[in-house]
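First come two forms of one protein chain, each written alone as C-alpha coordinates, so that there is a structure 1 and a structure 2.
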Structure 1
Amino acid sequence: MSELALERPRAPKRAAARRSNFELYSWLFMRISGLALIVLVLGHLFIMNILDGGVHRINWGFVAGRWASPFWQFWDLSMLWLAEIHGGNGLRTIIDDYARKDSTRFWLKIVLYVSMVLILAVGTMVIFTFDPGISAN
(Lines of atoms letter the chains of each structure in order from A and count residues from 1; the text may use other names and numbers.)
(Lines give C-alpha, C1' and ligand atoms only; values in the text may rest on other atoms or scores of the structure.)
Protein backbone atom coordinates (compact mmCIF):
# COMPACT_ATOMS: atom_id res chain seq x y z
CA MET A 1 0.00 0.00 0.00
CA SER A 2 1.02 3.57 -0.58
CA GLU A 3 2.07 5.65 2.39
CA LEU A 4 -0.64 8.13 1.35
CA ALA A 5 -3.53 5.79 2.04
CA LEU A 6 -5.54 6.32 5.21
CA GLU A 7 -6.71 3.31 7.11
CA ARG A 8 -10.52 3.34 7.39
CA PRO A 9 -10.73 7.14 6.91
CA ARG A 10 -14.45 7.30 7.58
CA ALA A 11 -14.54 5.03 10.58
CA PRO A 12 -16.31 6.83 13.45
CA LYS A 13 -14.32 7.04 16.63
CA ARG A 14 -17.48 6.90 18.68
CA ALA A 15 -20.82 5.21 18.21
CA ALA A 16 -23.01 7.13 15.77
CA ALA A 17 -25.70 7.66 18.37
CA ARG A 18 -23.34 9.69 20.52
CA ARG A 19 -22.07 12.01 17.81
CA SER A 20 -23.31 15.59 17.97
CA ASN A 21 -23.28 18.57 15.65
CA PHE A 22 -20.85 20.47 17.88
CA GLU A 23 -18.04 20.59 15.31
CA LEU A 24 -20.45 21.86 12.65
CA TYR A 25 -21.60 24.69 14.92
CA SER A 26 -18.03 25.55 15.89
CA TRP A 27 -17.06 25.66 12.19
CA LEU A 28 -20.01 27.98 11.50
CA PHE A 29 -19.22 30.13 14.54
CA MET A 30 -15.64 30.66 13.31
CA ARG A 31 -16.96 32.13 10.05
CA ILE A 32 -19.73 34.29 11.53
CA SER A 33 -17.59 35.64 14.39
CA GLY A 34 -14.69 36.10 11.96
CA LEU A 35 -16.87 38.32 9.77
CA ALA A 36 -17.86 40.50 12.76
CA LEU A 37 -14.27 40.59 14.05
CA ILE A 38 -13.01 41.95 10.71
CA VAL A 39 -14.97 45.15 11.42
CA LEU A 40 -14.49 45.21 15.21
CA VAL A 41 -10.77 44.35 15.36
CA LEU A 42 -9.53 46.15 12.23
CA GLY A 43 -11.55 49.20 13.35
CA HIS A 44 -10.03 48.99 16.84
CA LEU A 45 -6.49 48.63 15.46
CA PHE A 46 -7.00 51.57 13.10
CA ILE A 47 -8.39 53.86 15.80
CA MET A 48 -5.81 52.89 18.45
CA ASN A 49 -2.67 52.67 16.32
CA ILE A 50 -3.11 55.05 13.41
CA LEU A 51 -5.82 57.69 13.93
CA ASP A 52 -4.87 61.07 15.55
CA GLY A 53 -1.29 60.21 16.54
CA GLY A 54 -1.94 56.54 17.23
CA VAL A 55 -0.71 54.87 20.41
CA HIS A 56 1.04 58.03 21.67
CA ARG A 57 -2.24 59.69 22.67
CA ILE A 58 -3.46 56.73 24.71
CA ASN A 59 -3.51 57.08 28.50
CA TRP A 60 -5.96 56.55 31.35
CA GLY A 61 -7.93 59.67 30.44
CA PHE A 62 -8.31 58.51 26.85
CA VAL A 63 -9.74 55.16 27.96
CA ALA A 64 -12.04 56.89 30.46
CA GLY A 65 -13.33 59.16 27.70
CA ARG A 66 -14.04 56.22 25.40
CA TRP A 67 -15.86 54.09 27.95
CA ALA A 68 -18.05 57.05 28.89
CA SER A 69 -19.89 56.13 25.70
CA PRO A 70 -22.14 53.02 25.67
CA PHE A 71 -21.27 52.63 21.97
CA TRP A 72 -17.60 51.93 22.67
CA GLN A 73 -18.46 49.83 25.74
CA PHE A 74 -20.65 47.65 23.51
CA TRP A 75 -17.98 47.58 20.78
CA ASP A 76 -15.25 46.48 23.19
CA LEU A 77 -17.46 43.96 24.98
CA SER A 78 -18.55 42.25 21.74
CA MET A 79 -14.98 42.30 20.49
CA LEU A 80 -13.73 40.74 23.75
CA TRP A 81 -16.26 37.88 23.75
CA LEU A 82 -16.10 37.11 20.03
CA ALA A 83 -12.29 37.29 19.84
CA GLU A 84 -11.72 35.21 22.99
CA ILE A 85 -14.13 32.44 21.91
CA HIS A 86 -12.96 32.56 18.27
CA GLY A 87 -9.31 32.35 19.37
CA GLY A 88 -10.02 29.77 22.08
CA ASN A 89 -11.87 27.57 19.59
CA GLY A 90 -8.98 27.89 17.14
CA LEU A 91 -6.50 26.87 19.83
CA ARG A 92 -8.75 23.93 20.80
CA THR A 93 -8.53 22.70 17.20
CA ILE A 94 -4.75 23.09 17.23
CA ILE A 95 -4.45 21.15 20.52
CA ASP A 96 -6.63 18.37 19.03
CA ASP A 97 -4.35 18.27 15.98
CA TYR A 98 -0.96 18.20 17.65
CA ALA A 99 -1.28 16.73 21.18
CA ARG A 100 -0.09 13.13 20.97
CA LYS A 101 -1.26 11.77 24.29
CA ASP A 102 -4.83 11.97 25.60
CA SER A 103 -3.54 13.26 28.94
CA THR A 104 -1.57 16.07 27.22
CA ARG A 105 -4.66 16.98 25.22
CA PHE A 106 -6.80 16.99 28.35
CA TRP A 107 -4.49 19.21 30.41
CA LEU A 108 -3.74 21.67 27.59
CA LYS A 109 -7.49 22.13 27.12
CA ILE A 110 -8.01 22.64 30.86
CA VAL A 111 -5.33 25.38 30.79
CA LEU A 112 -6.98 26.89 27.69
CA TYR A 113 -10.50 26.91 29.19
CA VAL A 114 -9.29 28.35 32.50
CA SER A 115 -7.47 31.15 30.64
CA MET A 116 -10.59 31.86 28.56
CA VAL A 117 -12.82 32.11 31.65
CA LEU A 118 -10.23 34.34 33.35
CA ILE A 119 -9.92 36.73 30.40
CA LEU A 120 -13.68 36.91 29.77
CA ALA A 121 -14.43 37.50 33.47
CA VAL A 122 -11.70 40.12 34.00
CA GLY A 123 -12.42 41.91 30.71
CA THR A 124 -16.19 42.03 31.22
CA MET A 125 -15.80 43.17 34.82
CA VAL A 126 -13.44 45.98 33.77
CA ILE A 127 -15.75 47.30 31.03
CA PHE A 128 -18.84 47.23 33.28
CA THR A 129 -17.37 48.45 36.57
CA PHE A 130 -15.02 51.08 35.20
CA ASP A 131 -15.21 54.21 37.36
CA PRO A 132 -13.92 57.47 35.84
CA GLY A 133 -14.08 58.97 39.35
CA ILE A 134 -10.94 57.21 40.64
CA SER A 135 -8.77 59.82 38.91
CA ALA A 136 -9.84 62.27 41.60
CA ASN A 137 -8.21 60.20 44.35
Structure 2
Amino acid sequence: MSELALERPRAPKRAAARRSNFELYSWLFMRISGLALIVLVLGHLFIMNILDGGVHRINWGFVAGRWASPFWQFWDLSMLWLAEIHGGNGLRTIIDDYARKDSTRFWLKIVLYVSMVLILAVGTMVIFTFDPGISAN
Protein backbone atom coordinates (compact mmCIF):
# COMPACT_ATOMS: atom_id res chain seq x y z
CA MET A 1 0.00 0.00 0.00
CA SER A 2 1.59 3.25 -1.05
CA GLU A 3 1.10 6.50 0.79
CA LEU A 4 -0.23 9.48 -1.03
CA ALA A 5 2.40 12.18 -1.29
CA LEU A 6 1.75 15.71 -2.31
CA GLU A 7 4.10 17.26 -4.81
CA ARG A 8 5.82 20.48 -3.95
CA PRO A 9 3.85 23.45 -5.20
CA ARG A 10 5.14 24.97 -8.40
CA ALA A 11 4.12 28.49 -7.50
CA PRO A 12 7.02 30.50 -6.10
CA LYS A 13 6.86 31.32 -2.45
CA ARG A 14 5.65 34.80 -1.74
CA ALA A 15 6.78 36.86 1.16
CA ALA A 16 4.16 37.04 3.87
CA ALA A 17 2.03 40.12 3.45
CA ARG A 18 2.34 42.65 6.21
CA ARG A 19 -1.01 42.89 7.85
CA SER A 20 -2.17 46.00 9.56
CA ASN A 21 -4.80 46.17 12.22
CA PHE A 22 -6.66 48.99 10.44
CA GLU A 23 -9.89 47.02 10.02
CA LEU A 24 -9.81 45.93 13.67
CA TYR A 25 -9.37 49.52 14.83
CA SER A 26 -12.02 50.65 12.37
CA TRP A 27 -14.47 48.09 13.76
CA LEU A 28 -13.65 49.13 17.32
CA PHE A 29 -14.05 52.83 16.45
CA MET A 30 -17.53 52.15 15.03
CA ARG A 31 -18.66 50.59 18.31
CA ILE A 32 -17.18 53.27 20.57
CA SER A 33 -18.25 56.20 18.38
CA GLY A 34 -21.74 54.70 18.05
CA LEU A 35 -22.13 54.66 21.82
CA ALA A 36 -20.80 58.21 22.13
CA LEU A 37 -23.11 59.39 19.35
CA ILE A 38 -26.14 57.90 21.11
CA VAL A 39 -25.38 60.06 24.16
CA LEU A 40 -24.52 63.18 22.13
CA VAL A 41 -27.47 62.98 19.73
CA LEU A 42 -30.10 62.07 22.32
CA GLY A 43 -28.81 64.88 24.55
CA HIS A 44 -28.94 67.26 21.61
CA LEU A 45 -32.49 66.23 20.69
CA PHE A 46 -33.68 66.46 24.29
CA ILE A 47 -32.21 69.94 24.80
CA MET A 48 -33.26 71.33 21.43
CA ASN A 49 -36.72 69.79 21.07
CA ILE A 50 -38.12 69.13 24.54
CA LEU A 51 -36.54 71.38 27.15
CA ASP A 52 -37.83 74.96 27.76
CA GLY A 53 -40.42 75.26 25.03
CA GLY A 54 -38.84 73.08 22.37
CA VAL A 55 -38.06 74.19 18.85
CA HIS A 56 -40.02 77.46 19.14
CA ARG A 57 -37.20 79.07 21.09
CA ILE A 58 -34.45 78.19 18.60
CA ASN A 59 -33.32 81.27 16.74
CA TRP A 60 -30.16 83.28 16.08
CA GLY A 61 -29.94 84.44 19.69
CA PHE A 62 -30.33 80.91 21.04
CA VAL A 63 -27.50 79.59 18.85
CA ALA A 64 -25.34 82.61 19.69
CA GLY A 65 -25.88 82.05 23.41
CA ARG A 66 -25.25 78.35 23.12
CA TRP A 67 -22.01 78.69 21.14
CA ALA A 68 -20.72 81.38 23.50
CA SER A 69 -19.99 78.50 25.87
CA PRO A 70 -16.92 76.30 25.17
CA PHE A 71 -18.88 73.34 26.57
CA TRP A 72 -21.51 73.57 23.83
CA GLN A 73 -18.89 74.24 21.16
CA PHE A 74 -17.11 71.05 22.23
CA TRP A 75 -20.42 69.13 22.37
CA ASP A 76 -21.41 70.16 18.84
CA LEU A 77 -17.89 69.72 17.49
CA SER A 78 -17.70 66.21 18.97
CA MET A 79 -21.05 65.35 17.45
CA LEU A 80 -19.96 66.69 14.05
CA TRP A 81 -16.61 64.88 13.98
CA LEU A 82 -17.86 61.57 15.37
CA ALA A 83 -20.90 61.49 13.08
CA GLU A 84 -18.86 62.38 9.99
CA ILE A 85 -16.08 59.88 10.63
CA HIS A 86 -18.53 57.18 11.76
CA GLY A 87 -20.65 57.63 8.62
CA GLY A 88 -17.60 57.89 6.36
CA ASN A 89 -16.18 54.69 7.80
CA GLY A 90 -19.49 52.95 7.19
CA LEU A 91 -19.60 54.17 3.59
CA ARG A 92 -15.98 53.09 3.09
CA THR A 93 -16.97 49.59 4.19
CA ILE A 94 -19.95 49.57 1.81
CA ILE A 95 -17.73 50.74 -1.06
CA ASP A 96 -15.23 47.97 -0.28
CA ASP A 97 -18.02 45.39 -0.18
CA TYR A 98 -19.98 46.38 -3.28
CA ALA A 99 -17.68 48.16 -5.76
CA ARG A 100 -16.51 45.45 -8.16
CA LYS A 101 -13.75 47.22 -10.05
CA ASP A 102 -10.64 48.59 -8.36
CA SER A 103 -10.90 51.84 -10.31
CA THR A 104 -14.52 52.35 -9.24
CA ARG A 105 -13.59 51.64 -5.64
CA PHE A 106 -10.69 54.08 -5.84
CA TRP A 107 -12.74 56.98 -7.24
CA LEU A 108 -15.67 56.42 -4.90
CA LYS A 109 -13.30 56.53 -1.95
CA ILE A 110 -11.64 59.70 -3.26
CA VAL A 111 -15.05 61.39 -3.53
CA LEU A 112 -15.93 60.15 -0.04
CA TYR A 113 -12.69 61.36 1.57
CA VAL A 114 -12.78 64.76 -0.15
CA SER A 115 -16.40 65.32 0.89
CA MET A 116 -15.60 64.27 4.47
CA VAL A 117 -12.68 66.70 4.71
CA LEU A 118 -14.74 69.56 3.24
CA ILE A 119 -17.70 68.99 5.56
CA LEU A 120 -15.46 68.66 8.62
CA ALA A 121 -13.50 71.79 7.67
CA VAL A 122 -16.58 73.93 7.02
CA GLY A 123 -18.45 72.64 10.08
CA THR A 124 -15.47 73.19 12.37
CA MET A 125 -14.91 76.66 10.92
CA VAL A 126 -18.55 77.59 11.52
CA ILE A 127 -18.48 76.40 15.13
CA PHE A 128 -15.27 78.27 15.99
CA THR A 129 -15.77 81.44 13.95
CA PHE A 130 -19.46 81.99 14.65
CA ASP A 131 -19.92 85.67 15.44
CA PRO A 132 -23.03 86.38 17.53
CA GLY A 133 -22.64 90.10 16.84
CA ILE A 134 -23.62 89.76 13.18
CA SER A 135 -27.17 90.87 12.51
CA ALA A 136 -29.60 88.12 11.56
CA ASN A 137 -31.25 90.39 8.96
Partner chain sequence: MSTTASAATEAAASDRAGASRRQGTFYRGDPGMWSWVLHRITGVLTFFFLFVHVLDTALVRVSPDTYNEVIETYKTPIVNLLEVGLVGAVLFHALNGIRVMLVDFWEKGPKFQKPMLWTILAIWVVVMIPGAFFMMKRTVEVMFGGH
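Nothing here was measured: the structure is a model prediction, and the numbers come from that model. Only the largest set of C-alpha atoms that superpose within 1.5 Å between the two forms is called the rigid core. FYI, numbering is relative to structure 1, first residue = 1.
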Fill in the blank from the handout: Here the form predicted together with its partner chain is displayed as structure 1
Problem - Rigid core fit then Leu45 CA moved by 2 Å or more between the two structures - result: yes
